[in-house]
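Coming up is one lone chain in structure tokens, specifically the form predicted on its own.
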């Protein structure tokens, strides 16, 4: 990461805390590593992102329904899914600093350094070699790659490494009131398995016909070796996942469909296509047919924000094997090739999986701007503004009476009462109007309405637009419809 990018990222982190978006968890006790709390505006923004995703999946698609599965699941679930045996990352320790690293993070950081030095071909070659070695689980080769590139520990500055070994990422706990009788269960490392084990329940009760999807949002937990980059990689996080069940043989079509559809969802928030790219996986899970990431250009480089995976019939087959319950679907559609019904089969799955916290950080990173303003007299001023897309902004409208007297607050309250059933509003009467504008800019409020003495006479108000800072006079009874037209 360049110094300028590092400065921008640190400014975003500071801004997130100062303006009530994200706080370090348990801060009065010096915090807990890689765990964060969402403040008043952060929790609202996070909810709005979640709701926008949920609507795009379950309301805009007639063949996708939602569920809310429990965090705790029967422990055999994770044996069937492969997480007990295979959910691990290669890690390495530096003998001098005692600091632990994920091997791929070490190599990716070195690749970023090469990119900043203009050595694009070397960066590409290094990452390609890493992906190939990871795919083969060639730990000796990865260790040699560290040595060949003289990759050192950021603390000790040495390359005195241990051997590479696997580190399981699942948190476990005990279920039961008596220690001797307690069973080991896990905090779920993903939400997808709650969808798979409920496949038949959902299909029957919602009367779903292949192809159809099941969507879910919720918490997941991973004991990351090195959690880093603010809320980008945390030990407690939230996912927005959709599993789309399809007829075997059609999975390639649906993989391409969702790969494009999910990128279009991101772009629907007004974010530039230049900020995104696809990364097709070299290393595939043993059950996967195709997989790619949608990556966004954060201040610390292009990183994954969403994954699209063609998972074959692995998940349902595994749960059928371990549970001894049939996970088949009866398809009475006619196969044109044979003239017969497709009959019973285990559906294939195409998955879309978004990190909600990463999406939150994406919105902050894309929205944050330190802006210099030139006034009419030639002097300059500055402001920090969050250009959050209007439809997901924490507050949609700030209502600001010019003074605390002369009936202005009462008139402002009338507008507040009219608008607040339809969208989130904010009321403030303290400080000069310029300071209030700046505070609303800093939390991303797209519209501010000022109630002044003229408002008492003709029921007009001044509306100010966050991004352009333009102001215009409109009828007070037009405010609600104007804001609604921008957020629907």
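Numbering follows the first chain given and starts at 1. Here the structure is a predicted model, which means the values were calculated and not measured.
This next part talks about the form predicted in complex with a small molecule, which is not shown.
*Asks:* Looking at 307, 299, 211, 82, which has any heavy atom no more than 4.5 Å from the small molecule in the predicted bound form?
*Replies:* Spelling it out, the residue with a heavy atom inside the cut-off is 307.
*Asks:* Which residue, 110, 396, 259, 358, has a heavy atom that falls within 4.5 Å of the small molecule in the predicted bound form?
*Replies:* Exactly one listed residue reaches within 4.5 Å, namely 358.
*Asks:* Out of the stretches listed (217-225, 361-369, 200-208, 338-346), which one is close to the small molecule in the predicted bound form, meaning heavy atoms within 4.5 Å?
*Replies:* Partner-contacting stretch among the options: 217-225.
*Asks:* I'd like to know whether residue 402 contacts the small molecule in the predicted bound form, with contact meaning heavy atoms within 4.5 angstroms.
*Replies:* Output for residue 402 is no: heavy atoms all beyond 4.5 Å of the small molecule.
*Asks:* Looking at the partner-bound form in the predicted bound form, is residue 329 within 4.5 Å of the small molecule by any heavy atom?
*Replies:* Although the small molecule is absent here, residue 329 would stay clear of it in the predicted bound form, with no heavy atoms inside 4.5 Å.
*Asks:* Taking heavy atoms and a 4.5 Å cut-off, does residue 237 contact the small molecule in the predicted bound form?
*Replies:* Close contact exists here: in the predicted bound form, residue 237 approaches the small molecule to within 4.5 Å, heavy atoms only.
*Asks:* Using the partner position in the predicted bound form, report whether residue 353 sits within 4.5 Å of the small molecule, counting heavy atoms only.
*Replies:* Residue-level check for residue 353: yes, a contact with the small molecule.
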